[in-house]
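Single chain ahead, written as structure tokens, the form predicted alone.
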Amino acid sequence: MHKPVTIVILAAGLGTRMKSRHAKVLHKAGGKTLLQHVVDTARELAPPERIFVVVGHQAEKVRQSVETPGVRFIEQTEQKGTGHAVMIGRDAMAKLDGYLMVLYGDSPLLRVETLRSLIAQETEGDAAGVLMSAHMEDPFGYGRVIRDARGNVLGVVEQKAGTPEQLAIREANMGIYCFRADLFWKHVDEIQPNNPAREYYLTDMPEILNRAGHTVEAMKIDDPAEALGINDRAQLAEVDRIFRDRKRRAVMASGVTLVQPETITIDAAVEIGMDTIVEPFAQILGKTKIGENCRVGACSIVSDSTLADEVEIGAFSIVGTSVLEHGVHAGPYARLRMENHVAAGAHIGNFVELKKTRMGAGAKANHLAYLGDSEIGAKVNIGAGTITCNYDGQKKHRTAIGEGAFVGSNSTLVAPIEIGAGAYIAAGSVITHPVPPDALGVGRARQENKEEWAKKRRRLAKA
């Protein structure tokens, strides 16, 4: 590429056929918004300062959805067609030399390699522009590409305006263009709203450039589905399936075992290390990173979390926004709700819930516990039925448990509370005051046995 490429992504429409209150480009497929997919593709071809997104409906939400720093935005307050969407960016884009590529925020399947080929055809030849086309068995609704005897593009005829002969053509315009920027901006004002919708269409540009003595070419792609836009929920589901399948194949190619892969959901940004095993119906979401030789159990959900090597997540467990160090075991049926950090070798067992808790190396909570807003030292043992009472009705409070402490079963730790290193908490205790290091904390009533009490009760009940 001898000259740089500027990319404009049209993303101003609402998408009425989606039957949604959200702008179409905000819907997700494969774990990312449709628009973010297109921005990520564009980023492979141009620096962010040369990527412009045209926004309109829910403009601020669409801006906020783009995760790529440096991308620039142009607001189209009134939608008057594809040509108008590009024209309003004249002040920002016309001063940029090189080439201008037009993409759409609802066409996320376009591959970088395809767009590189489009750019190459434009930059290596003499054409003023190259459009992307495809042979379709049924091109109804698409503009037809009209070529001359040499194969150059004379124009694009829309479905409603075509003659029977023109509509018999099966080469359809995909709406993706790469123009010489100087010629595009020189002639763009010649687009006129001479159509029933009174809108400005980019499809007029091939004919305009031809009139000015320039040639326009077409690059035919093999699979028209790659360039198709998403218009309804069924198409969104199909695109999601395609992205999911691509991701699963890429993950398996990198050395990960997926058991019944068609049942497993993995988002686009997820990273998984070699020899990790993911069991059926697991979901690995967001920006999760999983190390080598891990296991994610069946029906588990791991989102936006980091798992080091040798971590095992048991079946039906949920891990969210948490860090699990080397060799941690969690589950089955564990819930690491949010913002937890579990040090190497710790064990979190069935029906244990953690929230904003740090567990030290080798600590254990193997059964039926709630540990919220807690700092738990290394090699602490948390007995079954233990809970940290972290909320007083108005504020959250922290619980600190020192290294090597032992908390007996069915203990209630009323925060704010501190239990010293090496201390013991007697089973069934309600602890409301600090326990010093190496001390025994007991907080329960003395047992009293009343002889013959049950027999007397039964006798009275029969009376």
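Residue indices: 1-based, along the sequence shown. This structure is a prediction, so every number in the text was calculated from the model and none was measured.
The protein also exists as the form predicted in complex with a small molecule; that form is not presented, and the subsequent description refers to it.
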property	result
Proximity to the small molecule in the predicted bound form, single hit among Gly81, Gly345, Gly89, Gly155 (heavy atom within 4.5 Å)	Gly81
Listed residue that, although the small molecule is not shown, lies within 4.5 Å of it in the predicted bound form (heavy atoms), from Thr276, Thr288, Thr203, Asn381	Thr203
4.5 Å heavy atom contact, Tyr333 to the small molecule in the predicted bound form	no
Proximity of Gly105 to the small molecule in the predicted bound form, heavy atoms at 4.5 Å	yes
Contact label in the predicted bound form: Phe243 to the small molecule, heavy atom within 4.5 Å	no
The small molecule contact in the predicted bound form: Gln76, any heavy atom under 4.5 Å	yes
One stretch from 218 to 226, 346 to 354, 170 to 178, 278 to 286 that, in the predicted bound form, holds residues within 4.5 Å of the small molecule by heavy atom	170 to 178
The small molecule in the predicted bound form: contacted by all of Leu10, Ala85 and Tyr142, heavy atom 4.5 Å	yes
